[in-house]
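Heads up, the chain below is alone and in the form predicted alone; it's given as structure tokens.
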Amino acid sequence: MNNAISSVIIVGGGNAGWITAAILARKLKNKCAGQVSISLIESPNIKTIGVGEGTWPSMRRTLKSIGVSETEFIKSCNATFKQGAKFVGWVSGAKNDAYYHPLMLAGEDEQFNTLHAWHHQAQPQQGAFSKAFCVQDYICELGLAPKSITTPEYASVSNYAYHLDAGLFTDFIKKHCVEKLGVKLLTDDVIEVKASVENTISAVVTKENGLVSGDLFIDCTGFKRLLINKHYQIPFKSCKTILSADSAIACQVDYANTDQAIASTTISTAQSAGWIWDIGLQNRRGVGYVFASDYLSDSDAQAQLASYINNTAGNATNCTFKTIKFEPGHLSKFWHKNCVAIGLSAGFLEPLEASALLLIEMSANTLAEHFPANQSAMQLVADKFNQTFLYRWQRIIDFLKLHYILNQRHEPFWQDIKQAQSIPQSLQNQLELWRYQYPCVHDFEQAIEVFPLDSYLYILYGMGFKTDYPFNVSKQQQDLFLAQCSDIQLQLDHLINTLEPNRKLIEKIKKFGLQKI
């Protein structure tokens, strides 16, 4: 084998480093006959923020694939079930202004037949779409869990992801990687990068362990971007003119009592210059305000966040607030020479729709699936990787922007963020098309999409978007829609008698565990 890739060095821990290590270790064990070693260099001086964090259902596949027990994960990471996102105040800010982005599909293949019938009802109301196409909206409003104690690990009654404690999750995955997957941990600081005559990275120099050589280096050093940016000077592309939020204030909020209900959605509540996330863990809530510093000072943002906490059964006087500043955007490319950036090193956008962990999973899986056999194949694999992820980052930016541009709020932030000059042309083109015909799978590159068609439907029509489709509704379409509504009601009646509250199921799992698959 010519110049085989036999050693991978991951620089940086955190969720990005350890999720990447776990996925690579598990997948390459069989693919490369155990001949690729994986080492991770983690600084002892960097602490995680430790707020609550949301995931996508893909995390279930990831945890299952790397051999993690779902029961142990839930117990160790203060994890709870997430069945989607609830957007409060994003359209008008009125009292009943709310809609859902559930994690269940909107009617499978029949959605295109029934969407036209639903849309031609007498003035469909904001937030009504998910109720007509998915039972999960009702499940979340009732505070029910997505499965029962007799449902096996990773199986579901209603599709779900997780809310988790980011700090505990890192420790949990680290332990699994080192003890079960054979990942070598070096607790050390990288102080220098060594390059070969071909300008590939040959080694990094660490403070305590000296020279650490490798064939492929993965930059998981977060905003520091030690390898991809400081060494290789790969440019960063800001998208602040599109997504203007550049700050966050985060805190941990105690429950008012030990049996307080745990929401099974990420609650995103619009504020004057951004939005507040509210994530329910087992022992507390993770709450934070994402805002644009051009429109709001840190002190005023903290005051708004404190007011929200006090109005949602919390006590802001007991909270410690952490301020985080960031430049929204991503690298111009993510794989250069023999260095791949994953996680915050690759870029960061506001945490709307839990895209950060999802991109880590996607990046690590793509790397594992297309792992270069040798140095000769490296550039070809890198080119494909860069093409795929430049597309994915742009689609995420478009999708996050979609949440803002249909708003009817009056604050300067909300008015400015929907101006045409701030909307990517790709999204403008899609919206123009969707004004006259309904979104369909052909509007997307299905093989590499981040968010499915259903997600766009939930946001568009959840916010009251109108499609002026010129054709009449057929009797078959109307009958299908009425049958769908009846089926959703039957599902709901069954699930109300089957599922129990989110907290109650979590407590049972901690006591009895879920059935092994």
Partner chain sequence: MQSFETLDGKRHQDIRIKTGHGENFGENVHCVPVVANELNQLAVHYPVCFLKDTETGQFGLYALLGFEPNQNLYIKSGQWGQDYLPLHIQRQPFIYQINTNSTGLNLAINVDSPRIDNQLGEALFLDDQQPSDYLQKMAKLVEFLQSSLASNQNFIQTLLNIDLIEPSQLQFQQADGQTKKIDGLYQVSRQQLASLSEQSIINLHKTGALQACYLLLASQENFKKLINWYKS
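Residue numbers count along the first chain shown, from 1. Nothing here was measured: the structure is a model prediction, and the numbers come from that model.
Not on display, but discussed next: the form predicted in complex with its partner chain.
- Remark: of stretches 74-82, 279-287, 150-158, 328-336, the one touching its partner chain in the model of the complex is 150-158 (heavy atom within 4.5 Å).
- Its partner chain in the model of the complex comes within 4.5 Å of a heavy atom belonging to K508.
- Mapping the unseen interface onto this chain, N3 falls outside it, with no heavy atom inside 4.5 Å of its partner chain in the model of the complex.
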